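Just one chain is shown here, as structure tokens, and it is the form predicted alone.
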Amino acid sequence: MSQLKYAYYPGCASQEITKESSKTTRLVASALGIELHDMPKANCCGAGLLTDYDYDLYIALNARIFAEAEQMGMDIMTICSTCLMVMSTANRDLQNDKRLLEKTNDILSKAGLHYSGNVKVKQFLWVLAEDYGLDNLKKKVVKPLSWLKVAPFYGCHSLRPSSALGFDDPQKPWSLEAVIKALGAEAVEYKGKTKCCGFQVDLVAEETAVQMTGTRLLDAKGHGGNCLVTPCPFCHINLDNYQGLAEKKVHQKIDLPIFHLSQLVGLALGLSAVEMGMTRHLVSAEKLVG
């Protein structure tokens, strides 16, 4: 397998609210021999908020990110599903519309930048499942997670819109379960794995959002999960940080530990719970990882 190298775009949330997700991704990538190269000039993708407000600005901001990666000669890898969705949608539009690409390059030229449309945007999950490969991942496992019954939770922006993302079938995804199994754990099947955690609803209907979070957690636990893993830091925020509120809403204790994808991989590679930043979680996983 040739050396894998990516322009690393962690996203805003994983640099502040869920710092452990970016830190552990770097540790795991290093352990696997995957090179992550920082993008010091990269800006925020707009988090989907600019898409309808100012489409041209949204496209230009993302094209600026792509142009930097193109200068580096690398595809982009992100651990934020919202960044993934936003950047992938912008990239789709630029690649499918020559006039839009030309118009955007006129804007970029003022900053001495140019984007030819050749960069791919990938999520860490996709890199593990396809670029690195499941067989290679299995070979790196030194501590099979055989005692874990893991409920996979994809998050909306890892799957939709499929016209821009195009990796997993949004109704029948496979990649997260495949990685869980490669790590030696059992993947729990349940309908809620492809549904919304409630994060996008938080700011407009908090009560509804908390109910959604509780429903997702109870669904995962009710189907035998003793923990849950998500590749999305925003989903992690809702499922871990807001689990206490969700318990009050559904009137029962849930106590379901939530892992970042990188943490689960790191534990299977033999990295410690401390190295994996498990102490930053509100719902303790001590009973599972020691």
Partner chain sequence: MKIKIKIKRFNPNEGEESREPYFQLYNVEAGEGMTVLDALLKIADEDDPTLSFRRSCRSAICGSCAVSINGHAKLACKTQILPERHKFGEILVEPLANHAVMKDLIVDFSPFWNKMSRVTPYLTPPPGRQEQADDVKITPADEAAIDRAQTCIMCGACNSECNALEIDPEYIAPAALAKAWRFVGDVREGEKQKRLERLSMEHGMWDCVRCVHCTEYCPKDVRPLKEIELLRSAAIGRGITDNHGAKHVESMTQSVKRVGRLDEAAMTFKTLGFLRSLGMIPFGLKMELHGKMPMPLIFSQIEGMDEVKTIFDEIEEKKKEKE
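Positions refer to the first chain, counted from 1. On a predicted model such as this, the values are computed, not experimentally measured, just so you know.
Although not depicted, the form predicted together with its partner chain is the subject of the following passage.
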Seminar exercise, completed: Of 182 to 190, 126 to 134, 168 to 176, 143 to 151, the segment with heavy atoms within 4.5 Å of its partner chain in the predicted bound form is residues 168 to 176
Exercise. Of the residues L217, I79, M85, V121, which one places a heavy atom within 4.5 Å of its partner chain in the predicted bound form?
Worked result: M85
For this session: Report whether the minimum heavy atom distance between L94 and its partner chain in the predicted bound form is within 4.5 Å.
Result: no
Exercise. Any chance R160 has a heavy atom within 4.5 Å of its partner chain in the predicted bound form?
Worked result: yes
Exercise. Q211 near its partner chain in the predicted bound form, any heavy atom under 4.5 Å?
Worked result: yes
For this session: Check whether M72 has any heavy atom within 4.5 Å of a heavy atom of its partner chain in the predicted bound form, and answer yes or no.
Result: no
For this session: Can you tell me which bits of 13 to 48 touch its partner chain in the predicted bound form, meaning any heavy atom within 4.5 Å?
Result: A13, Q15, E16, I17, T18, E20, P40, K41, A42, N43, C44, G46, A47, G48
